[in-house]
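Have a look below at one chain only, the form predicted alone, in structure tokens format.
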Amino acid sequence: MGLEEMSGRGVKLLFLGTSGSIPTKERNLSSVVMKYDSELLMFDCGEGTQRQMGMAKLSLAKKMKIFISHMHGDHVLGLPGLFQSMALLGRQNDLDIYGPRGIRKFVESVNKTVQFNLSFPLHVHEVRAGRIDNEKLYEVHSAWTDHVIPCLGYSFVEKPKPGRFNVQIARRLQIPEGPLWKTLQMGKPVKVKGRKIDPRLVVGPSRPGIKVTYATDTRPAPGVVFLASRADVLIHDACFDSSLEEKASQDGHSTAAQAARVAKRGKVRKLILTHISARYRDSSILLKEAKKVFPNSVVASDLMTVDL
């Protein structure tokens, strides 16, 4: 039993909105939530996101951070509604919002003109490329994508997890189960009947944590390849099929095949296509094109969940 099991941490992705630019009957506007232990990390907040959270049974009261990619309406206009719902429900936990230049002015303007009577502390962080958040268990990094306005991609990078604890060896060494086991799992030596026991005797090498990269509204970009390097999951813009590659380039988007090439160059494990143009009632053409380049591809759908 390792620290991961003891802590009960779980990681899940929930796709609240997967449409590009305008909502459809099947797809709401952009938003993805990562559930990490007892915390929610949201990437973009299109209109109607608070309703989608209700559909997904996500609490509006939990510890939460929001990462906004850019200042186009289909990625930020869900924030006012989210604030309103949180205030009405009496949220108490802090809410942190990260985004490019302009996000602070937007939030301040909304709060000045719409009377929310916020019940919770709200913190807005304007960020650039680099490490933008550093917590005990994870970091969040950002990089510029290639869109028609400044736009950021984000990577959630879990810090290395302790190695697996060898119960058989611990018992053979007569280490009492309980606090001493936890101390060893944390990489610290313990004493048992005058003997000093090094944690390396019972704990294996540390294990890499989970990495998830989010990059929407972007042409294929070297910065995204670097940001997504060896990610477990890359969530990438796939607005069009290959017949509309020229339009994708003009509008600052990617085709499904281009997204797949980014995933292949970044050596990621799984590609999830999102920001699907409203012209596609049937997204099978996008999936087919992506799979030709990168077989482990899927097309996101609203309220889809992915366990990591």
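Counting begins at 1, following the sequence as shown. On a predicted model such as this, the values are computed, not experimentally measured, just so you know.
We do not show the form predicted in complex with another copy of the chain, though everything after this point is about it.
- Each of P23, R27 and V76 is positioned with at least one heavy atom within 4.5 Å of another copy of the chain in the predicted bound form.
- Per the 4.5 Å heavy atom criterion, another copy of the chain in the predicted bound form is contacted by stretch 68 to 76, the sole one of 68 to 76, 208 to 216, 170 to 178, 155 to 163.
- Another copy of the chain is not shown here, and in the predicted bound form it never comes within 4.5 Å of any heavy atom of K270.
- The closest heavy atom approach of E47 to another copy of the chain in the predicted bound form falls within 4.5 Å.
- At a distance threshold of 4.5 angstroms between non-hydrogen atoms, P100 is out of contact with another copy of the chain in the predicted bound form.
- Although the partner is absent here, R265 lies well away from another copy of the chain in the predicted bound form, with no heavy atom inside 4.5 Å.
- A heavy atom within 4.5 Å of another copy of the chain in the predicted bound form is found for exactly one of Q84, S119, T183, S229: Q84.
- Contact annotation for 148 to 186: a single residue, I149, has a non-hydrogen atom within 4.5 angstroms of another copy of the chain in the predicted bound form.
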